[in-house]
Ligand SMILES: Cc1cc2nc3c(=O)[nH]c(=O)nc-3n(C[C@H](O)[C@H](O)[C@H](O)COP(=O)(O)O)c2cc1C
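Single chain ahead, written as structure tokens, the form predicted on its own.
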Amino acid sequence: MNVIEALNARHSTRAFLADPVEKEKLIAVLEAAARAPSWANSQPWEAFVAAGETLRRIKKAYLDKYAAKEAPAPETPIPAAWPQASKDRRKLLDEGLARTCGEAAKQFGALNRNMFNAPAVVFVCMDKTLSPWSLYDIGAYAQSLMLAALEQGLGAIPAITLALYPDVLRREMNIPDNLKMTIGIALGYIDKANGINGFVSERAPFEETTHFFG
């Protein structure tokens, strides 16, 4: 599989098998992701990987907070508003999910709340002194991580919902106060029997977002 094939093959996994991911595969993925580019070679990312009993405790704590209707407190601000083009694409996503997956699409909310049943989640942090500029580097790291996961036969999905309750994550993984959580990326083997994984979101033609001059 070449780079273009990998970019086209990568898509979000919304339901994982319970099978644990081998430690050597996680290490291979994280080593490859660390090759991502960054401004002035700053390498602002710090990754905290939760699996096994630690991840079970995190999931339970999240479910308890959902049940108590506790307000989320992500440290990467959620946009207060979206431009119309983004709203239109979100609508197409929802419609495509319902059309392709049928009844299976209705489980999305529950899967999201349970971290997609993933056996491993990578929580990517950066130092609080850094500016949003470094979020570009975090994005490059995240994409590299997900492509490396594909190479290892794993599915992945990035989601801010994975990082909604930083207090839980800090408690369970001893994340220091000088770091802020940017995003979570769930990893694992794809549950191919679950119909929700039959959906792959479309992309707008690149001409809509690309402008050539000269």
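From 1 onward, residues are counted along the sequence shown. Here the structure is a predicted model, which is why all the values come from computation and not from measurement.
What follows is about the form predicted together with this ligand, which we do not show.
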| query | finding |
| --- | --- |
| T161, S38, Q152, T54 - the one with a heavy atom within 4.5 Å of this ligand in the model of the complex | T161 |
| In the model of the complex, the one of A148, L179, I183, V168 near this ligand [non-hydrogen atom within 4.5 angstroms] | I183 |
| Region of this chain that lies against this ligand in the model of the complex, out of 98 to 106, 69 to 77, 125 to 133, 111 to 119 [heavy atom, 4.5 Å] | 111 to 119 |
| Close approach of K23 to this ligand in the model of the complex, 4.5 Å, heavy atom | no |
| Contact test in the model of the complex: A50 vs this ligand, heavy atoms, 4.5 Å | no |
| Heavy atom of L187 within 4.5 Å of this ligand in the model of the complex | no |
| is_contact(R10, this ligand) in the model of the complex, heavy atom dist at most 4.5 Å | yes |
| Stretch 193 to 214 - residues with a heavy atom within 4.5 Å of this ligand in the model of the complex | S201, R203 |
